[in-house]
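Single chain ahead, by itself, as structure tokens, in the form predicted alone.
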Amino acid sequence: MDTILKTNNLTLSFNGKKILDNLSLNFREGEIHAVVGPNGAGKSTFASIVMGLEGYRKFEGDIIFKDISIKKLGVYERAKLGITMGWQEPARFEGLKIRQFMQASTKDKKEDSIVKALSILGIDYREYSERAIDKSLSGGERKKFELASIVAMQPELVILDEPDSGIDVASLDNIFSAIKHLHSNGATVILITHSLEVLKNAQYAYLLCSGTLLDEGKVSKIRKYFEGKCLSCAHKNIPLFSELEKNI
């Protein structure tokens, strides 16, 4: 299977501290990947660099998308290529109705596509279409609307940063259904997570610690990290397993 995204020796420092250190990862087209590790491992920083966010542009190394360097491209240009990202904390759009938000995101602009995308996330379009994406919605609701918009967008590559963040247990199946739908429609999915339940939805995983790659492989191999069997390494960053065990 072809590689759709490759990062070559990504290195980024803030205030003299390396957040990513020569990080090289390969993501195969059409697969679900997970990037896991403890808080502070560099997972979200990695996602922000790939998406081209402001403040994450001055890095060493390169990012190759479909055999083309995108290092110098901005967020909008990367989005036009088919790259998108779901945030750990979704944005609010004061005054923008859900109907308008979904219409702007949907690739074919058809109402049927909007209804289908929302239904995958367990949302009744008729109930929410005239609601605004503002503080009247819970964080979990905004998360589901954002993911529904990504489903309707039909991206080639989607990065989901902590997709289960703020989601109640009853809605987790909707989140996982959306991930499977994206995959079944040909999208390459990268899950940024420290949740074992999210990791289980991946086909291949990368384990980061202190901005470097410690291990990679099938989920059955990497899940040992969540079972308290940390890999031997020289890093001073010791994972807080008591925090991670809440997700096991």
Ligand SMILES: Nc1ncnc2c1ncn2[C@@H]1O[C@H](COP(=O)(O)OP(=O)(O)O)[C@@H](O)[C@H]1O
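All residue numbers refer to positions in the sequence shown, first residue = 1. None of these values were measured; they are calculated from a predicted model.
Missing here is the form predicted together with the named molecule; even so, the following discussion is about that form.
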{"item": "Proximity of Gly52 to the named molecule in the model of the complex, heavy atoms at 4.5 Å", "value": "no"}
{"item": "In the model of the complex, Ser69 touching the named molecule (heavy atom, 4.5 Å)", "value": "no"}
{"item": "Distance check, Tyr56 to the named molecule in the model of the complex, heavy atom within 4.5 Å", "value": "yes"}
{"item": "Ser44, heavy atom within 4.5 angstroms of the named molecule in the model of the complex", "value": "yes"}
{"item": "Which of 216-224, 180-188, 36-44, 59-67 sits within 4.5 Å of the named molecule in the model of the complex, heavy atom basis", "value": "36-44"}
